[in-house]
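Presented below, as structure tokens, is a lone chain in the form predicted alone.
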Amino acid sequence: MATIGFIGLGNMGLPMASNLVKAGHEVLGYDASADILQNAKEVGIITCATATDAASEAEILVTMLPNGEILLSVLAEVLPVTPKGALLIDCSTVDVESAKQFHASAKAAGLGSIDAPVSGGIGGAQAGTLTFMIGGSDSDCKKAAPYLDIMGAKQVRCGEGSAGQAAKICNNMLLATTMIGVGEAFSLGKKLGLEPQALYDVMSTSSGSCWSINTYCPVPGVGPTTPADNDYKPGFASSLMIKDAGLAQVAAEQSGQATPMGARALELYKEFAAQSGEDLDFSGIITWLERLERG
């Protein structure tokens, strides 16, 4: 069993760390919120007063943080005390440039590193069924695999350092655009007098079939149970979709790649959020699309 430091015990980090505890590992956890630390203590995590305390004995150090700026700030704080030879696993979703700096800093400090952003949401974190998109050396990925197996159901090595972040933002840019398309299709179908179930039965088995229909349908009472059946309370909040879609546009700008659909999707999610959608699940954008008038 390993001693694992875990920094960032929010909605995703806490259940991920809890699953490591359940597997028998000693987890030293830190979060900036005192309330979250109390919750962490209740599931068997050894809570720490500082990030450096969580890192100072870690063989494996996991971070799950809001953005690249915070990640690099925490990294500067903990690198001097992290034991040589430890492996850093960053599960945050951050910009590609921050991911590259993360790997460079770890290497300079004599530490292994992988970027391993996740897909699967809070439910996946709780159930241990997350998908990890991984960037890093083959040896570091193999070293991380047993711990990722506890927290998730699938690991995809996407390439060297920062490749995991690149894959995550490409995936979520696509998700943003498909969910808007699905919302438009159901909204149009409603205006044309179609029953949502009938339209779902067609689209889920025809050329329009996609995850946003089959697995995460934004219409209440249609398909598998989703946030639509719970007043669009977030599994993945629209504010997080805005973050990820924004990271995709930063990467597109830096690489010189045109992404007109991704750029428009970001604009639409920002409009949705500005009109009371910020705290709703991203699939709730259908409720805003239904209210739009054709200009």
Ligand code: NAD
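Just so it is clear, the model here is predicted, and its values are computed rather than measured. Residues carry their position along the shown sequence, with the first being 1.
What comes next is about the form predicted in complex with this ligand, which is not displayed.
A32 belongs to the set of residues with a heavy atom inside 4.5 Å of this ligand in the predicted complex. Interface residue remark: I4 is not counted as part of the site for this ligand in the predicted complex, having no heavy atom within 4.5 Å. In the predicted complex, this ligand sits beyond 4.5 Å of every heavy atom of A17.
At a distance threshold of 4.5 angstroms between non-hydrogen atoms, G189 is out of contact with this ligand in the predicted complex.
Heavy atoms within 4.5 Å of this ligand in the predicted complex map, among the stretches 40-48, 62-70, 223-231, 256-264, onto 62-70 alone.
The listed set L87, C217, I180, V74 contains one residue whose heavy atoms approach this ligand in the predicted complex to within 4.5 Å, identified as V74. With the partner omitted from this view, the residue of V78, V118, A106, M173 that lies near this ligand in the predicted complex is V118 [heavy atom within 4.5 Å]. In the predicted complex, the residues of 1-15 lying within 4.5 Å of this ligand by at least one heavy atom are, in order, I7, G8, L9, G10, N11, M12, G13.
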